[in-house]
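Heads up, the chain below is alone and in the form predicted alone; it's given as structure tokens.
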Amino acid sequence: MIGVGKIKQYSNILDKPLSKGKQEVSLSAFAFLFSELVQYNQTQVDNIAELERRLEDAGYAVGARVLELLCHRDKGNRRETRLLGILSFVHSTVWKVLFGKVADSLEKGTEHEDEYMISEKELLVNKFISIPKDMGTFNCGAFVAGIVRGVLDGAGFPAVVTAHFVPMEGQQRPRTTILIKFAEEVLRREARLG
């Protein structure tokens, strides 16, 4: 047997194979690409609501792919079937893969049974964004809301997902809350499963 037990020596650094390493994207590269995405879509729309919808649609495609990747890689092609399971999956696993940490909080809405909120003190897509005064309440978190909607829809939990700024006392920048309002069919299925 040739080469068994031997460590292959490379004469040139360019001959070495690339290591897998951590699958991270440079923050500056992401910021540049996201900025270009926002600027391109800004030229295609007439108002802020349409711009947020386009960012959400772009995020939806990312979310669908992230779900497929994570279910295949981490779960052996199994998906969550329970409401709290999928929320926990988004709050921890998906968030950690996308942003390098678990989301700051996951809360159930107090006014409506079908609402949940994922809050982030400094959402990465809003971190380096300065919003002109004429754009008012524009929130780049719509992209992340689209990612969450893509993950939930792909897993069989249809929902309306929106991003909102929530002012925080003593903080200059508001935190971003991703509001998830599940479809009635999801709540009926959850009640049936017990």
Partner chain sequence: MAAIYSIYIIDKSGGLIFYKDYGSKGRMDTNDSLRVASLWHSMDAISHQLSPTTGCSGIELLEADTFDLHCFQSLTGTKFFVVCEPGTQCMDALLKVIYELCTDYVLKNPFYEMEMPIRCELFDINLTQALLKDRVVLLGR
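Here the structure is a predicted model, which is why all the values come from computation and not from measurement. Numbering follows the first chain given and starts at 1.
One more form of this protein, predicted in complex with its partner chain, exists but is not displayed; see below.
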{"property": "Listed residue (I131, V45, V160, M168) with a non-hydrogen atom within 4.5 angstroms of its partner chain in the predicted bound form", "result": "I131"}
{"property": "Complete contact of R53, S119 and H164 with its partner chain in the predicted bound form (any heavy atom, 4.5 Å)", "result": "no"}
{"property": "4.5 Å heavy atom contact, K181 to its partner chain in the predicted bound form", "result": "no"}
{"property": "Any non-hydrogen atom of Q39 within 4.5 angstroms of its partner chain in the predicted bound form", "result": "yes"}
{"property": "Contact label in the predicted bound form: T137 to its partner chain, heavy atom within 4.5 Å", "result": "no"}
{"property": "Any non-hydrogen atom of A58 within 4.5 angstroms of its partner chain in the predicted bound form", "result": "no"}
